[in-house]
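Same protein, same chain, two forms; see structure 1 and structure 2 below, as structure tokens.
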Structure 1
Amino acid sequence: MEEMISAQNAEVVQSVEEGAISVQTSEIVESVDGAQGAVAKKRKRRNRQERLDNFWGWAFCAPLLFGTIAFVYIALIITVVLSFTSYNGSTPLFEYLFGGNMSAMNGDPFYWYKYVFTNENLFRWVYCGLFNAVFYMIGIPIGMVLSMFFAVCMTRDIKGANVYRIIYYLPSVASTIAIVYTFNRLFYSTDAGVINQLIGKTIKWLNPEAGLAWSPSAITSKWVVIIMSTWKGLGGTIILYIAGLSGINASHKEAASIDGANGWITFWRIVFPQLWPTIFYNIVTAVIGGMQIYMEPDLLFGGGNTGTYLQQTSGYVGLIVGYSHLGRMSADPLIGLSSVLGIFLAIIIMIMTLFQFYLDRKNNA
């Protein structure tokens, strides 16, 4: 009996225990299920939001991305491909690329790359063009100093500084072609030129005598381009500097003046270091733009003709245009050669930009 009772008890206890356990476990399972459901729901919602974000991110970028890929990256790839070929523009581009017509110039894919360095005549053009482009960059430091000076003048608390800002910015919005034809007459080479009349001399501004890019008369002519582009670009830099100057913490200047620094020292020790990022940005963009100079000299010295002045005044880009379909330097367009010259330009610009960042590494670190 006792055994039985105990056994029953044990069974009851067991069963009770089992039930309790089962109840407990089921509760636990349920509660776990509920928590999981909530997490899953949340995750689902977050997933939905993420998917929406991703979708709209791509969607809003799509036009710009498509344009960049189609007109910049694909064009760049095709440029590289064409630089190995003898393409001369006589067959449409896609037919040439995909129609199995592609062929290297004289059987050598690197023909044009070697040609630039081996053809003496072309090589002279190349270094004259580079010399001219670099010489025109003299305008960059001149413009920097002038625009810094005028920006400081305009940020003093005088009335009507806005009017000056507008006046100085006007040349930047005017079309280059209109300005070129105006400067063409202002710096006319005969005694009918306005500047020649004003200074009372007859200087051949725009008609350099025969010679290489660094002959004195060619240098005189290049100054006209420098004057013109400085005049045109001054306003934009001034506005950037005004923005930079107004962003400088006034309390720093005040502290410096309390410590007995005069205006000159305050400028060099307080203002200039804080303005350096703006200045550096300007220099980098100006050098990149300066290497690509084409329109100003080309139009100023002969209105887009293959003038005799081209070698003395034209920048490097003049060569790229010269061998293109416009047929200025060769009867047949040599697209392969102009692609090679373009790739060299990109490499030169990249090296120059990296070099500037290398020089500036202390300030960026």
Structure 2
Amino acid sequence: MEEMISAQNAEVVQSVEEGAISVQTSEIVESVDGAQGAVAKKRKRRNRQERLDNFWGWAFCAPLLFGTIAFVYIALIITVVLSFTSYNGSTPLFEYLFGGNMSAMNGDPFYWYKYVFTNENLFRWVYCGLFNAVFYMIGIPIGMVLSMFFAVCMTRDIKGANVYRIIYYLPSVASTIAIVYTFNRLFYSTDAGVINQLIGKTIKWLNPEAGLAWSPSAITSKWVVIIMSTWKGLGGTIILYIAGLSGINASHKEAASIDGANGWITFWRIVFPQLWPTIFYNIVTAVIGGMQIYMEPDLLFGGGNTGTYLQQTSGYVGLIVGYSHLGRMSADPLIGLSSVLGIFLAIIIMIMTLFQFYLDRKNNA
């Protein structure tokens, strides 16, 4: 009898345990299903938000991408193709490229590449254009030092710092034509010029005499372009330096001052190394822009596509524009020559940029 009761009790306990286990299992399954459903809803909601963010991101980037593809990559391909042709602009470009008329001068596709190095007059003009472009880059270190100085001053706790930032940035957004006209009045080459009135002398700032690019009158004229370009680009560089200075860890400077370092040592040992990425970016972009200078000297000296101004004051880009304009106006096949000069400029800029990156990696190694 007792054995039967104990067996029944064991069966009851087993059934109760199995029921409890099944209940717990069902609860666990329900909780897991609920969690999976919540994760799926969250994932679906997140994917929808990600798709929306991606859409607006591509929408804002689309104009830049289109401009880069159309006016940089496609234009570069067309330039390379035209450098092997005798295109003169008299026929539509599409019809010329796909009409079978792709021969260069004398049937030699490398005619213009050879012409640059074999024609003495053109080679001298190319040399003068490169000399002018490199000479104008004297303003790069001047602008770097001045912008660094003003940026450090504006990061100090002084009254009206934001007002000074706006004032110094205004030339960067001003019209280049307005700035050129202002400097034309300042450095006018007669007694009516403001600078000549201040110094009491009549200096021909903007009238280079006939001669090569390194003649004294040409050097004087180029200094006006350097002063104007430096003043115009000062504001943008100051803003970049202020942004870089604001990201420097203040505790490092405090630790240096506690150790007895003065302001000069703190700048060179603490501030300058942390600011180097901003400095390097400004140097690279300034060199690229300096090699492509065209508008400032062209407007300041009355349009130097040809003649004395091209040789003495215009940069290398002025030579490219001059031959392209001459080819369109005279129907001579000079656009191929202009394309070759543009390719040479791109190669020069690429080599200079790669050399700067090489020096940067070598210094950081």
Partner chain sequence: MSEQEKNIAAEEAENNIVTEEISVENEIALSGSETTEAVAKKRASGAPNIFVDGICRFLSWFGFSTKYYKGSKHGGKIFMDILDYLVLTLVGLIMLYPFWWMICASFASDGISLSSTIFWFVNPTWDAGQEIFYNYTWFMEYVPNVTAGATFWRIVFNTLLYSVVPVVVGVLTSASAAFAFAKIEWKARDFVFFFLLAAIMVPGPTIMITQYCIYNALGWDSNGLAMWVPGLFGSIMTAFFIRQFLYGLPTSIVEAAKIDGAGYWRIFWGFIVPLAMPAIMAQGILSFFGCWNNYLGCFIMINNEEWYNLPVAIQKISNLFNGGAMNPAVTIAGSVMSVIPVLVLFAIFQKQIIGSLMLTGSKE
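Here the rigid core means the biggest group of C-alpha atoms that line up within 1.5 Å when the two forms are laid on top of each other. Not measured: the values here are computed from a predicted model. Along the sequence of structure 1, residues get numbers from 1 upward.
Here the chain coming from the form predicted on its own is structure 2, while structure 1 comes from the other form. Note on residue 62: its Cα is shifted 6.2 Å between the two structures, core used for superposition.
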